[in-house]
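Have a look below at one chain only, the form predicted alone, in C-alpha cells format.
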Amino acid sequence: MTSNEFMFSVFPYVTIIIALVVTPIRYFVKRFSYSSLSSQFLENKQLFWGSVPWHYGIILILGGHLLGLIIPQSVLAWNGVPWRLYVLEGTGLSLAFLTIFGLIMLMVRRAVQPRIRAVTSVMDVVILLALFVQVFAGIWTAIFYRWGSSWYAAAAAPYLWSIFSFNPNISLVENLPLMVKIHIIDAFFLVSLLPFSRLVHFLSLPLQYIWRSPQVVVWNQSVGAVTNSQIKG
C-alpha cells in the first residue's frame, strides 16, 4: 500500500468512524460537555476580534465548499465566464484572510492572556494548530495554484463522493500539489478530532428554538414588594 492509498483511501474512513462512534458516546456519557467552553467571562475584548471574524469567515467558506460538493457542475458553469470566476475566487480569498485573522487573534489570546492560558488544554492547542494549517493551506492554494473553486468542483468533489459511496477514487487527488493534499488530509484529521474537542459544540446548536412555542415569563414578585423596593431606592 502506497502513502497515497493510505492517506486518501484508508485514513478518511478511520477519521469518519472515530467521529461517528465517539461523538454519540460523548453525548450520552458527558452530555454537558457539548459546549464551546466559552472563556468570554475571563477576557472579552480580544475574544471579540478573534471569534467574530473567525466564525463569519469559516461559516461562509464551509458553505461555499458545501455548494461545490452538492452542485459541482453549476460551479464549473459559473466559472466558465471569466469575471464570475474572478468574483468567486476573490470573495473566497477575502473570506479566507478574514478567517485566518480571527484564528490568529484567538491563538494570540490564548498565548498572552494568563487566565486564558490557565484553562487551555492540550487539545485546544492541537485544534488551533490543525485549523491554522487547514486555513493556511487553503490560502496557499488560492494564491499559488489559482482557480481552486474549479479544481475543487472537478477533482475534490468527485473524490469526496467516491469516499461517501465506499469506492474511493484516489486518481482524482493523488497528483494534486502537496499543499492541496495537506488541505484534504487535514480536513479529515479535524473530523477525527471533533468528538474530543470543543469543536463538538456546533452539534448542539439550539435549532429547536426555531419551531418551539414562545415562552411565557411570569414575574412572581408581588406588586407591594416592588413598590417598597422602589421607594427605598
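Numbers for residues come from their place in the sequence shown, where the first is 1. These numbers were taken from a predicted model, which means no experiment stands behind them.
Keep in mind that the form predicted in complex with protoporphyrin IX containing FE is missing from the display, and what follows is about it.
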Query raised in the report: If you check in the predicted complex, do 12, 21 and 192 all have a non-hydrogen atom within 4.5 Å of protoporphyrin IX containing FE?
Result: no
Query raised in the report: Which residue, 93, 111, 71, 81, has a heavy atom that falls within 4.5 Å of protoporphyrin IX containing FE in the predicted complex?
Result: 93
Query raised in the report: Does residue 141 make contact with protoporphyrin IX containing FE in the predicted complex, using a 4.5 Å heavy atom cut-off?
Result: yes
Report task. Report yes if any heavy atom of residue 66 sits within 4.5 Å of a heavy atom of protoporphyrin IX containing FE in the predicted complex; otherwise report no. Result -> no
Query raised in the report: residue 151 near protoporphyrin IX containing FE in the predicted complex, any heavy atom under 4.5 Å?
Result: yes
Requested in this report: Using a 4.5 Å heavy atom cut-off, state whether residue 172 contacts protoporphyrin IX containing FE in the predicted complex.
Outcome: no
Requested in this report: Just give me the residues of 161-183, first to last, that have a heavy atom within 4.5 Å of protoporphyrin IX containing FE in the predicted complex.
Outcome: 183
